[in-house]
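Below sits a lone chain in structure tokens, taken as the form predicted on its own.
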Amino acid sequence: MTARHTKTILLLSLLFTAISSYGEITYNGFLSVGGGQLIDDDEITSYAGFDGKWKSDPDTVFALQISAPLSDKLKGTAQFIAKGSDSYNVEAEWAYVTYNISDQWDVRAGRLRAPLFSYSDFLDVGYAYPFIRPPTEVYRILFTTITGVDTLYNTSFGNWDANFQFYYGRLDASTFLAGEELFFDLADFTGVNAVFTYDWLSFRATYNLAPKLTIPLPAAARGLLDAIAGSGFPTVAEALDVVDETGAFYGVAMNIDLHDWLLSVEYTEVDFEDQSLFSDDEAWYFLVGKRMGDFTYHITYEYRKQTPDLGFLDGFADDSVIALLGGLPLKPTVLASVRQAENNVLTFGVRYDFTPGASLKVEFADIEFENLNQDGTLISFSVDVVF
């Protein structure tokens, strides 16, 4: 646990100790213990945190959520979480206060979940969905939380319930790219979401915008851009860099839960205003499931495609070379460096609710990277508990 994590936890602990006199503090939490292995890893060597050796960390997580009233209209909420994928460091995933303006309208401020997907509000709660983990090809965004403010408004239209959310905030996080820990900052991050529900049917739409997107690059990528610029192609290096870029994320989803039949479909797209090392990206999944007593069987298909747009290279001759890299050809080198993919994943899974609040899941996933002509098979399981 880092000093930053320790400080955060101590501050939140003091906060909830101080407010406990206003009312009863409530606790709940969840636990997932999983494991998996790529059994055909001669082509695809890693996927969703797994490789050719049995591992349990990627799908293992423990969390405790604490809520307490500060007054009749104000409430504090915090969620502490430890993930195996993050070396079990304890972090405050959520830490916010909620002000209840009316029965239909709430305002929240603090560290909030970034509401990008249908399952964002309970992204880490394995018990809340039929699969072991939300579809990897669709739920591919590197960050999950923002620091800011949002407002939630609930209303009804005839037999339909509607929930509207608007948020504004900032993302300050780190991730690992090419083995390096890189820190990035999304300022003025904003979005709007709408969910419409009618008994067994729900629709969701979301639009999110980052008008000042800057993504730090690993040393190898930075070296490539410097070499391109130093070889007489500064406009190419500038086009590939991600500095003050405008990026948008949007998606739609539908969920059906009718007579023990489940159907879910979700489509998302990442769109950069200008081409960069990160290509435009679209992904979707389709799930069909059937409950049979305590068992739920499902088939899930996922698809993702990253499409580069290298129109900014049209004005350069085909024999242009990067002199500072030993005369490597410009266009093929740039094409090989820009992110591109076409992935398909077909998963067969079963969930067994063996006792209230606990389930066992087993899945077989066939993975195919079409652009690389690679495939593999991931076998995994999880035990998910809520309390």
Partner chain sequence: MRDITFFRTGFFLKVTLSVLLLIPAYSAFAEIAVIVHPSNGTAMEKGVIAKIFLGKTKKFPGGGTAVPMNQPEASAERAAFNKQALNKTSAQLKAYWSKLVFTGKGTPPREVDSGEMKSLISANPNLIGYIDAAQADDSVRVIHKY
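Residue numbers count along the first chain shown, from 1. Just so we're clear, the structure is a prediction, and the values are computed from it rather than from any experiment.
From this point on, the text means the form predicted in complex with its partner chain, which you will not see here.
- Annotation: in the model of the complex, residues Lys55, Ala210 and Asp271 none come within 4.5 Å of its partner chain through any heavy atom.
- Screening Thr136, Gln79, Thr206, Thr145 for any heavy atom within 4.5 Å of its partner chain in the model of the complex leaves a single hit, Gln79.
- Listed residues Phe122, Tyr250, Phe184, Phe316 were compared with its partner chain in the model of the complex; Phe122 is the one with a heavy atom within 4.5 Å.
- Stretch-level contact analysis of 44 to 52, 317 to 325, 333 to 341, 353 to 361 against its partner chain in the model of the complex, using heavy atoms and a 4.5 Å limit, identifies 353 to 361.
- Using a 4.5 angstroms limit between non-hydrogen atoms, Arg108 touches its partner chain in the model of the complex.
- In the model of the complex, its partner chain sits within 4.5 Å of a heavy atom belonging to Ser156.
- Proximity of Leu152 to its partner chain in the model of the complex: non-hydrogen atoms within 4.5 Å are present.
- Its partner chain in the model of the complex comes within 4.5 Å of a heavy atom belonging to Asp257.
- Along 91 to 130, a non-hydrogen atom within 4.5 Å of its partner chain in the model of the complex is carried by Trp94, Tyr96, Asp103, Arg108, Asp121, Phe122, Val125, Tyr127, Ala128, in order along the sequence.
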